[in-house]
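One chain comes next, on its own, written as structure tokens: the form predicted alone.
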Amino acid sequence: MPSVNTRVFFSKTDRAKYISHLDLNRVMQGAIKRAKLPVWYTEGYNPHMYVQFMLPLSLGQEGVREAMDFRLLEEVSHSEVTERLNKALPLDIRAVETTVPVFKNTDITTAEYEITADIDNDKFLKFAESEKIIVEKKTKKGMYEIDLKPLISELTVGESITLRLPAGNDFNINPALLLDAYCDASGEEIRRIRIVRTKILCADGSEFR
């Protein structure tokens, strides 16, 4: 029986930001089961539910339009999938939209973030205008230095800070690195930080769909 590729956009906010990616996977699979959606399972000796997340969030950060894919063994309307999932999900995780996948996860190149923090805007702007912003990035191969300056785009500072950074499976920049670099450079300790991923984008600047 052919399966129906399904993409669900969801929000993960407030208390749910403390749910790790592994636990989020469990929460979503449990919700799909409780929603009694006819989901496709892999074949073989150890069948498991096929669920793919496009771009895992860092622990402590929120997202308003995250994406996950799964397959259904029979047609269920998109509105019904959204409704049934929301009845089964905790309040701080909400299905926003169900649709047919348009892009592949490999098409993702950038993410947009909104940062709210107790920060001196003038000091931060001066820091952001630095010729270089050197930080240490941790990878599976160890720590290495990178310059964030050429990687930051669409930076605006007002009641909140909005910016775009590289994102994807091959190369991903956590916006917390920028805040850490600012604190190191200014000696300022930032309290009450909120980081929200607002958009996932493709190479041409279009929103991931």
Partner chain sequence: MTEILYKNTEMMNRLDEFLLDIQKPARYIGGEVGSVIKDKSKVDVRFAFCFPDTYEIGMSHLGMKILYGLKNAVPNYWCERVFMPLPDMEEQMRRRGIPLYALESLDPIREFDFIGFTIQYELCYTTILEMLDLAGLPVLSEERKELTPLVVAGGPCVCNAEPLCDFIDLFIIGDGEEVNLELMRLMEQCKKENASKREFLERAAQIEGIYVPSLYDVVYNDDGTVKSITAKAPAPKTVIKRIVHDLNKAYFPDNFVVPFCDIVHNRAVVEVLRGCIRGCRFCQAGFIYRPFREKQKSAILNQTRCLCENTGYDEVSLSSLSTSDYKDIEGLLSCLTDYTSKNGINLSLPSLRVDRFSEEVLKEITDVRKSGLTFAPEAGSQRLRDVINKNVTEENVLDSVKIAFEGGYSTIKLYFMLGLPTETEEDIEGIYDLAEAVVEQFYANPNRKKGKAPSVSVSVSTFIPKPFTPFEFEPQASEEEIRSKQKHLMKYANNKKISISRSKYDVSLLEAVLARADRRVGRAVYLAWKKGCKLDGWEEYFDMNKWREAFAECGLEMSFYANRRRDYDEVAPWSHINMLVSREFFINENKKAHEGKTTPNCREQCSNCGVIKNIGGDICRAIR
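Residue numbers count along the first chain shown, from 1. Computed from a predicted model, the values in this text were never measured in an experiment.
One more form of this protein, predicted in complex with the partner chain, exists but is not displayed; see below.
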Exercise for the section: Report whether the minimum heavy atom distance between residue 196 and the partner chain in the model of the complex is within 4.5 Å. Expected result: no
Practice task
Examine residue 46 and determine whether its closest non-hydrogen atom to the partner chain in the model of the complex is within 4.5 angstroms.
Solution key: yes
Exercise for the section: Consider residue 100 of the chain shown here, and say whether it contacts the partner chain in the model of the complex, taking contact as heavy atoms within 4.5 Å. Expected result: no
Problem - in the model of the complex, residue 141 touching the partner chain (heavy atom, 4.5 Å) - result: no
Fill in the blank from the handout: Partner-free chain; cross-checking the partner chain in the model of the complex, the single residue of 27, 173, 54, 179 with a heavy atom within 4.5 Å is 27
Fill in the blank from the handout: Testing 70 to 78, 106 to 114, 88 to 96, 123 to 131 against the partner chain in the model of the complex with a 4.5 Å heavy atom criterion leaves exactly one stretch, namely 88 to 96
Practice task
Tell me whether 164, 183 and 200, taken together, all sit within 4.5 Å of the partner chain in the model of the complex, counting heavy atoms only.
Solution key: no
Fill in the blank from the handout: Near the partner chain in the model of the complex, with a heavy atom at 4.5 Å or closer, the residues from 9 to 27 are 14, 15, 17, 18, 19, 23, 26, 27
